[in-house]
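As C-alpha cells, one chain now follows by itself in the form predicted on its own.
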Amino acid sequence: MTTNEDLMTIREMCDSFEVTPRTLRFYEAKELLFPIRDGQKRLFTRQDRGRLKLILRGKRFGFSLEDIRQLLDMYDRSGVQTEQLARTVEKARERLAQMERQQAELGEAIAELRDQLSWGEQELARAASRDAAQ
C-alpha cells in the first residue's frame, strides 16, 4: 500500500536525484518509470525511486536503455530469475571489458598527446632561442 509519505512530486524527484523534469518525463515515455497521475501532477512511489536509482546507475555505466530495461525487469520480479541474472552478469562483464578497452585506448592517446606536446614545446623553445640569437 502506498501512503502520501511514500510519494514524491516531480520537483522533489528532480531535487533528490539531480535530474530535470524532462529527464523524468523521458523515462516515463520510455516506460521505465510509472508515476501515479493525479490530473497534471505526477507522483512517484518508492518503487519509482528505486527504479530511477538503477536507471541512473546503468546510464553511468554506459548501458543502453534496453539493457537498463532488462535490469529493471529483473529487479521488479519477485524471486530470483537465474537465467535473467546470468544475462545481466554477462552484460555487465561485456560492458566492463569494453570500458577497460576504452580506458587503455585513452591512456595511450593521453601518452601520445603528452609526447606531441613536449615535442611542440621543445620546438618552440628552440625557435625562441634562434630568434633571440639573431
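Note that residue numbering follows the sequence shown and begins at 1. As the structure is a computational prediction, the values presented were derived from the model and not from experiment.
Beyond the structure shown, there is the form predicted together with the DNA, which is absent from this document and is the topic of what follows.
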Margin query: in the model of the complex, does residue 51 come within 4.5 Å of the DNA, counting heavy atoms only?
Written below: no
Quiz item: Does the DNA come within 4.5 Å of any heavy atom of residue 116 in the model of the complex?
Solution: no
Q) Can you check whether residue 16 is within 4.5 Å of the DNA in the model of the complex, heavy atom basis? A) no
Does at least one non-hydrogen atom of residue 59 fall within 4.5 angstroms of the DNA in the model of the complex? yes
Within 24-47, the residues having any heavy atom within 4.5 Å of the DNA in the model of the complex are 25, 26, 27, 37, 40, 41, 42
